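Quick setup: one chain, the form predicted on its own, written in structure tokens, and binding and motion questions come after.
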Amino acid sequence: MITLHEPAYAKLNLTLDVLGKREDGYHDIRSVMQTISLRDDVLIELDTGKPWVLECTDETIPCDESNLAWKAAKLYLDTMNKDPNGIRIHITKRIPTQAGLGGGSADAAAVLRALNRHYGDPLSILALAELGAGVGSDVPFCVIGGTAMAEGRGERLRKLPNMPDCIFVVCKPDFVASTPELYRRLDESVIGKRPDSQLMESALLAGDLGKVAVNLCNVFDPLVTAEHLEMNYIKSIFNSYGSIGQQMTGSGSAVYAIVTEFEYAAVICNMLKENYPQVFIAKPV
């Protein structure tokens, strides 16, 4: 039996703009994305000689063919015409679900990277990311990681200069935001403020963390905050204890702050953890 190990890193949206609805029903987006050290761990056993099985430490996660990690394994093995003679995927879950942190996509991307490495890297990282688009919109970015501009459905990627060194504090409130409902509401409303992708790219190129923080922008953030006022409370704690920029990631409901010192991050965690047990400190990766 062969055992593979691969980390699955969460993602944050530094910017997220929705450009319009496409004929296929999806929306075109433009987003600067960043992987962070908050991660799941994926273990894959090949040559088990048994039927496929997927296990997860989070009992709320589906462990059947609907799981993105399962889909990624099947897509890769079918595409490359490989027979693993049985496979067991075990996910140690730390990334909160339904948070906008891309946990399921990160797990799928980890499966793709691990299998590709095991079979001798027949696909380049860009080809692997392109394959990942068949699993989910965030999977291509999660395959590549780092700092990148994502466009289209998220499958068109361009690497950007690395995020300046900093610390992220990520807080996941209890509520869940409906992504389809948020897209519907965006379609029916005028977007008041859109991200300036050029300014964000310039800030990254200059390695200017302050300018990165000032240019954080997510068009979904005002919609979710208007319905869930606790978002304002979380952001006020961020602001009061050293945050230089904060916003929601994806379509929520996780919200994050950028801070420059670990001490600030620790204080913010202490202030929030009683009401919000899912609070994490992370670094860019």
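Residue positions are given as counts along the sequence shown, with the first one as 1. Just so it is clear, the structure is predicted and the values come from calculations on it, not from any experiment.
Although not depicted, the form predicted in complex with a small molecule is the subject of the following passage.
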Which one of these stretches, 58 to 66, 43 to 51, 222 to 230, 27 to 35, sits within 4.5 Å of the small molecule in the predicted complex when only heavy atoms are counted? 27 to 35
Does the 4.5 Å heavy atom contact test between G136 and the small molecule in the predicted complex come out positive? yes
In the predicted complex, R185 touching the small molecule (heavy atom, 4.5 Å): no
Just to confirm, P180 within 4.5 Å of the small molecule in the predicted complex by heavy atoms? yes
Might R153 be said to contact the small molecule in the predicted complex, defining contact as any heavy atom within 4.5 Å? yes
